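Quick setup: one chain, the form predicted on its own, written in structure tokens, and binding and motion questions come after.
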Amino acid sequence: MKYKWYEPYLFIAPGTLILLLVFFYPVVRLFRDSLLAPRGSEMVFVGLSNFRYLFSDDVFRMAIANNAKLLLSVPIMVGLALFLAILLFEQIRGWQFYRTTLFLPYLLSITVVGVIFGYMFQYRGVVNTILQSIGLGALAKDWLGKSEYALWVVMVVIIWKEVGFGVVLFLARLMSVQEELFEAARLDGANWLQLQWYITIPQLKSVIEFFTVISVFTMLSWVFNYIYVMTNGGPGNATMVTELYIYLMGFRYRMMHIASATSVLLVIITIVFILLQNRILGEEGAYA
């Protein structure tokens, strides 16, 4: 039976239409709203005025800076996940229990994690109580109430929760590596560090790249729940991030045009990171 050239397009048309309605239309509407502003009871075209407002707003600039600081946790997460995965791959005693323990935080709700650690890091919380009980009361701080500590505490919590995902990814890939590679290297006199540098890391290269990309996107656009539950952007604006800024502008201050402009900038930043990643991977592939 011979099919007409247009019949395959008829089959994919319903799904394509749904995708356009669910994804494409909101993006177009977002870009349109970012160029509008209220004038009385109407929305009028103002061009790039909303974006100029953003870059003149100290709170927005601080939000961008805080997102950039959170990106510092990406190499820490990747390195820590890699180290833990290697230890588990060596099948140390109780490694299966440790694997479950490390992955369990990733399964917990961010809200639950935020509430628990919020109580723990209060001035009279568990952390300071333990420090005082072991004679280290001088180290007790108002961890979430001081601007110089709050963002770093949130970063520690994010690492604690997200690193388990990387451990499982790396360990799953290591389990599929041929043992003969390690045996041959040992016979050639390779020590433990050389095994990891010349065999483990090259074998994990694609998984490391994937986890790195996921971690970068997490720090750019998935930290709202941590911040909202633990600090709500405070103290002051010390832990303000772009997602919380969008939420506050859109729903608390009813400045949806500013929220739309911020969202557009976040989309553009994300696309830039995707293009940079593709460029890097493309150049490495061509070199290989």
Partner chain sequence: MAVKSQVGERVTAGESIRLKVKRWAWLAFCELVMIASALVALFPIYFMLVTSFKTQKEYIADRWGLPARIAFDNYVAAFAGKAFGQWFLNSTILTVISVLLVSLCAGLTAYALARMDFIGRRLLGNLNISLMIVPPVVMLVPLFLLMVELRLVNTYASAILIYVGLMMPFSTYLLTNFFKTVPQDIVDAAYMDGCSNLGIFWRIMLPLSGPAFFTLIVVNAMWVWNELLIALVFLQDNALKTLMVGLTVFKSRYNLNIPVTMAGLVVATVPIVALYLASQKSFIRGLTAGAVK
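Positions refer to the first chain, counted from 1. Keep in mind that this is a model prediction, so the values were computed, not measured.
Here the subject shifts to the form predicted in complex with the partner chain, a form of this protein not shown in this document.
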Heavy atom of residue 184 within 4.5 Å of the partner chain in the predicted bound form: no
Proximity of residue 65 to the partner chain in the predicted bound form, heavy atoms at 4.5 Å: no
Exercise: residue 50 in contact with the partner chain in the predicted bound form, heavy atom 4.5 Å: no
Contact label in the predicted bound form: residue 177 to the partner chain, heavy atom within 4.5 Å: no
Non-hydrogen atom within 4.5 angstroms of the partner chain in the predicted bound form for each of 108, 120 and 259: yes
Any residue of 143 to 169 that, in the predicted bound form, places a heavy atom within 4.5 Å of the partner chain: 160, 165, 168, 169
